[in-house]
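Encoded as structure tokens, the following chain is the form predicted alone, with no partner shown.
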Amino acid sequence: MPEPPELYAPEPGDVHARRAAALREVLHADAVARDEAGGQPLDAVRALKASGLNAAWIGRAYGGEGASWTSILRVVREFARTDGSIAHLYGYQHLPLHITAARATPAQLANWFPASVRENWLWSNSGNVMSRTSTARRVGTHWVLDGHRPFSSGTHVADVIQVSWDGDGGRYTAVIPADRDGVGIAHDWDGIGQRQTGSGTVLFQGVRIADEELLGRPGDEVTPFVSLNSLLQQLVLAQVFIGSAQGALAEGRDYTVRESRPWIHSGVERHTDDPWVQRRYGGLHIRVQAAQALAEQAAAQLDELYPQGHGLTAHARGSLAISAAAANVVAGEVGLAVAEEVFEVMGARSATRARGYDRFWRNVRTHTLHNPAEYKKRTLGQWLLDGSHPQPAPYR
């Protein structure tokens, strides 16, 4: 009898995706236990840093590998096949990396990016734009930051944090070490999924910030290039959803082949010979492949546009926004459907906490609640009806 095919092998020519696939095998060994434990994924982060993938996107001029966005997003997808939290942390670190690349001075880049490569920094962000809960005052030659910010994914294991506050003239952003005096991690994240992302609250108590740590000034123009951050976020999440669907389907398939029993009225001796089971797996696989194709198309579009830098036009940015929204919506819907429906063909004995198959659905569900598909569908519908692109804003 032939062996089941390998599912979702990384692209042969993508060295970063292949490296991520090897690390995924390591992360898989205790993925269920880590999901159950929550907290800080310290061992997983150490393994991530040792892989060198943290610095893969940073340009060769700073000692990085200059990886494409397509490769970075494939790495996210690989990790999500077993661990949505590490996929989330890895993908989201590229949001502050992009903002730094887009807004930092040459001197700042020459300081931060080589150090990031050399020391394998994990970047994070604590500047949730929906929450105006931190302020800073000018004291001598420094700023002093107080308050807090919620939904600060990755700050509990980060090396550097991009922080923001609202003050005279608008919104300020800076890059500071995560261990700076006055920075406190509340460790209050208690989501049903993404349990090791630390997506809770960061506290600021008299945190000193120097002028040379500021990224631009509040009055600086938010160019279409700078605003790519929102679209990058959508593309990262799309890959978390697709990777979760792939993981659920691959683990479900393996369980079905090894352990599932035929239903008493199926008329077959092996569960895998049941036409209903075959049709369901075939249908789920088709949906995953379709979602992946949309996401790959959007990633390729991002790679094509990104080198334009601050010359990127609003129209080109808007076109990418449509592609990112479509990829994100389909990925979220497919992720939820596959991670839930695969239980039907695995059978009742698969639904135990010890097996941990539910982690895929919980991870996707947690993220999609923060990012409702309804409003992306409206954006797509409006564009389809009158040709108007969405204006740059959080989540679009």
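All residue numbers are counted from 1 along the displayed sequence. Everything numeric here is computed off the predicted structure, so don't read it as measured data.
The form predicted together with another copy of the chain exists for this protein as well; it is not shown, and the discussion that follows is about that form.
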item: Contacting member of L215, V117, L249, L145, with respect to another copy of the chain in the predicted complex [4.5 Å, heavy atom]; value: L249
item: Contact test, all of R349, A354 and P372, partner another copy of the chain in the predicted complex, heavy atom 4.5 Å; value: yes
item: Per-stretch contact check against another copy of the chain in the predicted complex, the hit in 207 to 215, 96 to 104, 170 to 178, 294 to 302 (non-hydrogen atom, 4.5 angstroms); value: 294 to 302
item: Heavy atom of L380 within 4.5 Å of another copy of the chain in the predicted complex; value: yes
item: Contact label in the predicted complex: R195 to another copy of the chain, heavy atom within 4.5 Å; value: yes
item: Contact of V139 with another copy of the chain in the predicted complex (heavy atom, 4.5 Å); value: no
item: F343 within 4.5 Å of another copy of the chain in the predicted complex, heavy atoms; value: yes
item: Sequence-ordered list of residues in 279 to 296 near another copy of the chain in the predicted complex, where near means a heavy atom within 4.5 Å; value: R279, Y281, G282, G283, H285, I286, Q289, A290, A293, L294
